[in-house]
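Below you will find one chain, with nothing else, as structure tokens; this is the form predicted on its own, and questions on how it binds or moves follow later.
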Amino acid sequence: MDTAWIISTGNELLIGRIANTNAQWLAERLTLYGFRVERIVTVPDEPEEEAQAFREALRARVVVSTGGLGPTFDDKTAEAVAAAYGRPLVLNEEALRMVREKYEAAGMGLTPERVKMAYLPLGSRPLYNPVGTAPGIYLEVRGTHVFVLPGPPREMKGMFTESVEPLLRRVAPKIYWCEAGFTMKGVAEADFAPHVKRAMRLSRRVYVKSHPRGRETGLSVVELHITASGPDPEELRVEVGRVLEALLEAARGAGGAVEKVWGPVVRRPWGGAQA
């Protein structure tokens, strides 16, 4: 399976000031597209540390980073990417146009700090930012597709949806993604774990994850999420359905109350949902 790395940049992440919700969101999206997320790496706002992470990430098919693209002195991700891949940092005219249009629309002019956001590694393609001002960066290095996105979640998600997903559809493995699930009440997650283990033996493709939503020592509420990926959508539907039924039977047999049963739903990441 093709692999992916997520690189999160920012001292604020490392000191715990903010939660890294970007990485969670990206991991879910990349998984849906058929990539196995191999690493989620968080690095400080230091070009040398960032550059090392980008160099190591070349083992993956896809790399997505967030953070460090703004106008302030510590936004140095473009510089780090350039250093990592041995490319000069140059003024990109298309990126400069994007930045200028954003500030002119707000009645503001360009400053050296704002122009800084238009300097990209040589050979890069700027990615339009539908929410903020800093363009993203896309480049291919020795077969690895590198996407550099802004850190604010609204900007990151907007850029990913508008600019990254169309490119991902061209390079993503053409596999299907199937999932199902339900909510179980009255059975502790730890007590139900042996049933999950047995159910997963029914298929080598299927993975089951339990998410506790109540208290282990009180009224236990557990969400079961069943996933599988592969080239044949009908096989996936059958296998996920088999595991779903086994878990439902086990939950009821253990005295649990079953609610909100859904799936199996098959999705075709490169072309929308599959009924």
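Sequential numbering from 1, following the sequence displayed. Here the rigid core means the biggest group of C-alpha atoms that line up within 1.5 Å when the two forms are laid on top of each other. Just so we're clear, the structure is a prediction, and the values are computed from it rather than from any experiment.
Below, we turn to the form predicted together with another copy of the chain, even though it does not appear here.
Visitor: If the cut-off is 4.5 angstroms on heavy atoms, which of these, 125, 169, 97, 154, is the one near another copy of the chain in the model of the complex?
Guide: Exactly one listed residue reaches within 4.5 Å, namely 154.
Visitor: Please pick, from 248, 37, 221, 60, the one residue with any non-hydrogen atom lying within 4.5 angstroms of another copy of the chain in the model of the complex.
Guide: Among 248, 37, 221, 60, a heavy atom within 4.5 Å of another copy of the chain in the model of the complex occurs only for 37.
Visitor: Pick the stretch from 79 to 87, 185 to 193, 157 to 165, 136 to 144 whose residues have a heavy atom within 4.5 Å of another copy of the chain in the model of the complex.
Guide: Correct option: 185 to 193.
Visitor: Under a 4.5 Å heavy atom criterion, is residue 236 part of the interface with another copy of the chain in the model of the complex?
Guide: Residue 236 lies outside the contact set for another copy of the chain.
Visitor: When the contact criterion is heavy atoms within 4.5 Å, does residue 56 count as touching another copy of the chain in the model of the complex?
Guide: So residue 56 counts as contacting another copy of the chain.
Visitor: Would residue 202 show up as a contact with another copy of the chain in the model of the complex if we use heavy atoms at 4.5 Å?
Guide: No, residue 202 sits far enough from another copy of the chain in the model of the complex that none of its heavy atoms falls within 4.5 Å.
Visitor: Mark residue 43 yes when one of its heavy atoms lies within 4.5 Å of a heavy atom of another copy of the chain in the model of the complex, and no otherwise.
Guide: Result yes; residue 43 sits at the interface with another copy of the chain in the model of the complex.
Visitor: After a core superposition, would you say residue 60 shifts its C-alpha by at least 2 Å between the shown form and the other one?
Guide: The answer is no, as the C-alpha of residue 60 shifts between the shown form and the other one by less than 2 Å after core alignment.
Visitor: Take the rigid core as the frame of reference and indicate whether the C-alpha of residue 170 shifts by 2 Å or more between the shown form and the other one.
Guide: No, because once the rigid core is superposed, the C-alpha of residue 170 moves less than 2 Å between the shown form and the other one.
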